[in-house]
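Read the single chain below, which is given as structure tokens and is the form predicted alone.
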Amino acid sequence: MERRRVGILGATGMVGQRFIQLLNNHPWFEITWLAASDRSAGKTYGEACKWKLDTPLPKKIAEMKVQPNVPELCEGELPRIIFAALDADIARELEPKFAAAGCAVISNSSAFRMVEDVPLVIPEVNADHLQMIETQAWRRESGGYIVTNPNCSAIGLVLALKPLEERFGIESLFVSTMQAVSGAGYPGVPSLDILGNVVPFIKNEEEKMQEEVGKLLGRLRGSSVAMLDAKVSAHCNRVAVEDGHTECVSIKLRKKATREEILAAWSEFAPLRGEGLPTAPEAPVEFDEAVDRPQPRLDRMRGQGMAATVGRLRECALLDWKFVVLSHNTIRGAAGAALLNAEVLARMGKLDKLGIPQGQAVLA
């Protein structure tokens, strides 16, 4: 596939840095534009960014000039594919401007996730929801659109739930999270607040999980999603772990299932296998038989950070079954999720003819 020019909006933050790390030498995409806030615009990326990842900042990226974060102030040609890594309040203002300018905005923000005509997508779970972009006003008027990926705590959970929902149905779900500090960005949680401590509150996190599970596992009905009919209760906690969200899950199924049937559902779940998508893991859900796994330090990089690891499957005295799921929150839960969405959009031809009004869309 011919490499496409892409830009990163919010490039200096933690998720923006992950985008750079994952897009560096990507076979389908090439970074040609970086944008950030006014305090960074005009500087080189190396000057503007405090690089925090464990791989070197690419020299070519370090030398790039950071652009203003509005399309009309772009110097040179604005890339038509924009990966957005913005806080929700800023995204609510800026992302529509890029969609209106004819860009495919592939967003990690929560700002538009629950908007009716905006797809909230995990490709292994609900790639068919991407058809919803054709109903967006931006698509008709400029060819642009917005696609979102879920909250970092919802992605690993829903990867583990999808094969169970398909085979057995889900009646109710209880989840308690232990979320890494990198999920709060940089500088994030002060060290004296988190070291030797657990903070049992993350603003809006429980609400996001509960809402997003319903949309992700819902069914596309015409141009909107019929939400999953299941009760979901979440407790979200910040813990002193660098990367990797761990979640303890109890689930009541609509159809009884044995342990062997649940394990088979997970092991056979590979909807993107053979699609040739560079970022897709071979096995999106990996089960570990060890009694003390998964663990963030040992398991967060499975599938190059794109797989969810499940363990400790056992019967639940209150519901039916309980288990633990782990996923890398800034790779699978953020930049990697958006990148995989972009790869699927490319395969579908939805990254072609951007900037060209589509007229009155008709769903395929």
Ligand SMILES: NC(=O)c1ccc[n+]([C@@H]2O[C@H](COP(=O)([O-])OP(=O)(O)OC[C@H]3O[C@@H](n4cnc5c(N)ncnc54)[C@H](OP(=O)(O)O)[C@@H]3O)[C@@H](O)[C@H]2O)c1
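A residue's number is simply how far along the shown sequence it sits, counting from 1. These figures come from a predicted structure and were not determined experimentally.
One more form of this protein, predicted in complex with this ligand, exists but is not displayed; see below.
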A307, A36, V325, A338: which sits within 4.5 Å of this ligand in the predicted complex by any heavy atom? A36
This ligand isn't shown here, but in the predicted complex which of G185, P200, P278, G169 has a heavy atom within 4.5 Å of it? G185
Would this ligand be touched by all three of P79, T148 and L351 in the predicted complex, meaning a heavy atom each within 4.5 Å? no
Could you tell me if V239 has a non-hydrogen atom within 4.5 Å of this ligand in the predicted complex? no
So, in the predicted complex, is S40 in contact with this ligand at a 4.5 angstroms heavy atom limit? yes
Residue contact check: V344 to this ligand in the predicted complex, 4.5 Å heavy atom: no
Residue-level contact is defined here as any heavy atom of the residue lying within 4.5 Å of this ligand in the predicted complex; does R113 satisfy this criterion? yes
Just one of 209-217, 280-288, 89-97, 258-266 has heavy atoms within 4.5 Å of this ligand in the predicted complex; which? 89-97
With this ligand taken in the predicted complex, which residues across 91-112 come within 4.5 angstroms through any non-hydrogen atom? L94, N108, S109
